[in-house]
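We've got the same protein chain twice here, in two forms, each standing alone as structure tokens: structure 1 and structure 2.
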Structure 1
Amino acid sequence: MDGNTHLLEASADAGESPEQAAFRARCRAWLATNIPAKPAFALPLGPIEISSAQQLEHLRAWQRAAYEAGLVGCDYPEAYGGGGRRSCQRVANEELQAAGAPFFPNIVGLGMAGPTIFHHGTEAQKRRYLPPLLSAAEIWCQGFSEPGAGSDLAGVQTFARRDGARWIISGHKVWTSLAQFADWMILLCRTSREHKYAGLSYFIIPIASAIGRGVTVRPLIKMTGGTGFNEVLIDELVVDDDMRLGEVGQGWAVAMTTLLHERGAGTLATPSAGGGIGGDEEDALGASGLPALARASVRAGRPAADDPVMRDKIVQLLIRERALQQTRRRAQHPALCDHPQRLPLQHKLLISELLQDAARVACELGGMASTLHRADPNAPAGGRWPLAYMNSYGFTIAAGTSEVQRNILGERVLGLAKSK
């Protein structure tokens, strides 16, 4: 894995190199004039909320433009369509965020499939799949969860049967975000029923091109009423052996690379979907908008900003938000960290629980008006907060539930006995 070493350094290197400084200036200059104007239609709150082809094409064009300007895949080798830089994706992500740029739609590709292919793929796989992944020419989805296997992911039953140089795959995946738009899926399945973990293998399978010949995608409606995730039925889908990622029986190890990056703790975490939240307004989520919201909100006939209990709740959230940034900063400095995984493994929990609690408090600030759905013209802030609050449960459930994250932290960092 020699080609990987500079990527591994990405998260450890905190000081700004001349390359990074020059690159930062380039990003800033480009972003100053190239962020797309808001379209006439509403944009989704996040990539897994994309619900129409119109939204997707708008965001796809944005990712392609940013890719062509060198802001996506900065640290991947040029041979795989990357920028061939060192530790620059972090810089690009910071600048994208600071500029309030929209998010990139190919989140599963950038955040999960890309790093997994980079670490485990063959040379041919890397050359084939990474360039269109980075440019969003091809959209990816993740086929891990099944009706019977969620937190206990290694219980997946989707089965790949070997047939000469090919595999024949059947099974049932659920909660598959973006499958309705996806060209490819990263798939965790079983190649042997004898061993729970050692019976797993990892594949890339086609989605869009296989609809009607082995793949069916059915939308699932979320509690918000929106679409976003799907169930994917796989029935005798035939794929060549060169679609396998990693060795037969090594699927669990490959999946761990995916999960590490999905949860923000992977070494390749930086070349993921950077960028602002991209909704209609700045600070659409998170705590920093709460003081202004409190000043603008009326609760029980009085300014919400005058309610001491609300004030305390808002400040608690602002403290957590500041701490989140500072923990990220501290994680770069081993002298201020006791255990190398202690802070990175908290990342997903901290963000998802902060967003959830901030959205809940934002609703509280609205008092009676927080009962109004976004379809009601009188809903405060366009009804974004109740929607954000419901959506926040997606973050605390997906990518390893908060409970599972706490198990992992307790076991890996505190050395407590495994809860199984």
Structure 2
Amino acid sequence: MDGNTHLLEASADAGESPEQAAFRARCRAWLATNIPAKPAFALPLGPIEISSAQQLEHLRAWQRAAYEAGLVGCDYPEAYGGGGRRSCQRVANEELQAAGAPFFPNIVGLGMAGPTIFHHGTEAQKRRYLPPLLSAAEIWCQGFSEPGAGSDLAGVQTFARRDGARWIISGHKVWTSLAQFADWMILLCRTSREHKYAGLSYFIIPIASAIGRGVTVRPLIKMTGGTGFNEVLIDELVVDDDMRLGEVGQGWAVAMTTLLHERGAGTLATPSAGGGIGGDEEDALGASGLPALARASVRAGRPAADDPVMRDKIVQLLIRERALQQTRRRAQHPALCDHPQRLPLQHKLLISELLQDAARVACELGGMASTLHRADPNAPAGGRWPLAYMNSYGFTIAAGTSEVQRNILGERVLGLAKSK
């Protein structure tokens, strides 16, 4: 029994409302005939791996189709481009994953910018930015980290000085996923140097339209050879005051909303990345993809699946994956959640480490063949697994490193003393 079957089992036991059950049937029926065929060109492993306009447009068309079918933005009010439903995005996410649907490209918009604008934006901002965000008509990136401010996010030094009804912003952001394609950036910057936290404010700034007019985007080449990350230089960029999100000096509180949703602990359900790379279950990465790889891999002249040590490693990972699926079921029942942040933060920590461990075992299964480049026709599984392993370190760092996540869980959830 594969992971997708487990997921469907979990969904059926969730005590859904009649509306959710009907919506699930509708999602399943639509996905059965509308998942796009694989293109002739290679698709990236995830949104931050998008490296060409060709890849982006293919995935953008998929997100737009899913949005028009009602599978994206389900829980947002209709006035802001949403479906006006109640607690249905989770259902859509489960069906997308079970169907092995491709991921959506606007990951920062859906998972971070959208919820933040919904909770802190003005009525005009919600009506302006949310509909094209949900449909992927406009792509978003996140301007938080800086060369001198990573885990200590409140140490950002990008500065916005007020000039009447305008702000003039200068600074340097780094590790900015999708900046090379983004139309907009959510930006945390400093508006006062006198206070660390109270001196922060939050803005929406243009990216694509400001290239060469106050914004420079430079790609960062990763060890994979990909350019998903960027650095963004902002030099005297002028934005109107109506681009500010929240009050002056309250940027830290607004940023916490962004981070809660990025870590999965927000109150507004957002679309997940889907279940596969290109609409094929064989593309799925994670423990559920290991048995097939083990059967196809040869070790000492025999299938790797015959090796009891490798079988044990795979089963242990499958157990962890199944446990996380059951944890998601538990998270659907408030009475079983003793702290609102425990399960979402725990999930982010554990899923990032599970994916890394699964990719490591996959490379072990492939043996020397795992050193082949993904362009080599002899690379097992198209070279996806070693690429996934290298990329997995970004996942254990993004949205707070595993160490930071453990500190948050220990201090804020378990009430342990702060670490020194």
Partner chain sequence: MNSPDDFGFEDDAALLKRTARRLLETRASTDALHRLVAGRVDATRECLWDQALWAELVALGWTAIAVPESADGFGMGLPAICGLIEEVGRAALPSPLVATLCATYVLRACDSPAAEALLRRVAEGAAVSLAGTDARGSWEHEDTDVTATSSGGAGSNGQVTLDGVACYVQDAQKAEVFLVKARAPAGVGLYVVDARAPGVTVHPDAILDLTRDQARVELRGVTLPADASVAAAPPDGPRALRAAEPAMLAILAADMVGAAEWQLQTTAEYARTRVQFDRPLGFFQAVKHPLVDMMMKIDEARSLVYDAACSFEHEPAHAELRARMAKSSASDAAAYCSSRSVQLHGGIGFTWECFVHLYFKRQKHNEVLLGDGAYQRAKLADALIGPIGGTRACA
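Throughout, residue numbering runs from 1 along the sequence of structure 1. For clarity, a rigid core is taken as the largest C-alpha set superposing within 1.5 Å between two forms. Only a predicted model underlies this, so the values are computations on that prediction, with no experimental measurement involved.
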query: Which of the two shown is the form predicted in complex with the partner chain; finding: 1
query: Yes/no, M390 Cα shift of 2 Å or more between structures 1 and 2 with rigid core fixed; finding: no
query: Core-superposed C-alpha of D306 shifting 2 Å or more between structures 1 and 2; finding: yes
query: N378 C-alpha shift between structures 1 and 2 of 2 Å or more, rigid core reference; finding: yes
query: Core superposition result - C-alpha of M368, shift between structures 1 and 2, Å; finding: 2.5
